[in-house]
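Below you'll find only one chain, the form predicted alone, shown as structure tokens.
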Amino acid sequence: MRRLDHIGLLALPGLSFLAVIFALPLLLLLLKSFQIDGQFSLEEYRLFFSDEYNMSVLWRTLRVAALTTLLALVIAYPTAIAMSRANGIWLSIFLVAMVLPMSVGVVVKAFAWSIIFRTRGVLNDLLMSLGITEAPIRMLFTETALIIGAANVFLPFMVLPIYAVLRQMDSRLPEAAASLGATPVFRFVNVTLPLSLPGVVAGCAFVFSLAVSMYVIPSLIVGERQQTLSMLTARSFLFLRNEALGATISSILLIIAVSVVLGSSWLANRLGARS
């Protein structure tokens, strides 16, 4: 018990810093969304959810976040398997390839994708030089471009949790299943995949939370043509000067993020208890 008290004291400075710098502003923002002229009111939430444009932005944000998470998972899972089986120099190369892009600013990576997706960008030039297309295809300012760019930026947050779980898995389990006559597909579906689900859940929670609140990436890749909740929040505060609307949208984003974290934690605990 005394050891736990000492650990709590060591964590106190960090917790106090987070409470003042992070939790307190969020609490004030949440309270702002429930106030009109200093009085408690749910009017801003009623106005938001009754507006068709706001609802279309909300569903677009959730759809983009879900598709970004799915694309990142499809790319990340085979990568994580390869990393878990690699050793020596190859493992170092994989880790550097995953960690190094995280040191590059999001603005730089998003702007790079905007260059690739331009009408006379690298991708269109390549497609025309190979004879696949006769004229440039409109890629920039589309939802597809946003999903691809966001999945690339957030990919390490999906790969690393899955890799961490797969790395801890006993490599003798698939071998034991193979010795009993299990096919590779059967071993993957019934051995590898169930044991890796905690990492999948954690990675999906990370990527979805980041994708649902991203601002820089959609601003550079799709601009104002396809707004997301984060862009709508910025417009409310900076251009419309409507602090109540901005606080309301921010609170909705916060509720979505907290729901994803709590839901993923519950699911990870259930999966951990089963395994």
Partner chain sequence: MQSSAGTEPDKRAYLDVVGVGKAFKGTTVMSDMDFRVARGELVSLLGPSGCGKTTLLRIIAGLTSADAGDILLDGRAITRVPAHRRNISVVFQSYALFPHLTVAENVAFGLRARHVPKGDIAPKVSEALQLVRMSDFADRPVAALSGGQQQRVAVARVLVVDPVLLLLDEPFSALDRKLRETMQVELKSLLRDRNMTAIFVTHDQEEAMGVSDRIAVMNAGRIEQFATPSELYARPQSAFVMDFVGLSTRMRGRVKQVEGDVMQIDTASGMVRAPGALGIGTDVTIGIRPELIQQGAGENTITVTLADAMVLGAKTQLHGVSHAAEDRLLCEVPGIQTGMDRGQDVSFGWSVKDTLVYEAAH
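Please read all numbers here as calculations on a predicted model, not as lab measurements. Positions refer to the first chain, counted from 1.
If you look for the form predicted together with the partner chain, you will not find it shown, but the lines that follow are about it.
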Handout entry: Exercise: Pro184 in contact with the partner chain in the predicted bound form, heavy atom 4.5 Å
Key = yes
Practice task
Give a yes or no for Asn190: in the predicted bound form, does one of its heavy atoms lie within 4.5 Å of a heavy atom belonging to the partner chain?
Solution key: yes
Practice task
Although the partner chain is absent from this view, report whether Ser179 comes within 4.5 Å of it in the predicted bound form, heavy atoms only.
Solution key: yes
Problem - Touches the partner chain in the predicted bound form: Leu166 (any heavy atom, 4.5 Å) - result: no
Problem - Contacting member of Leu73, Leu195, Ala86, Met139, with respect to the partner chain in the predicted bound form [4.5 Å, heavy atom] - result: Leu195
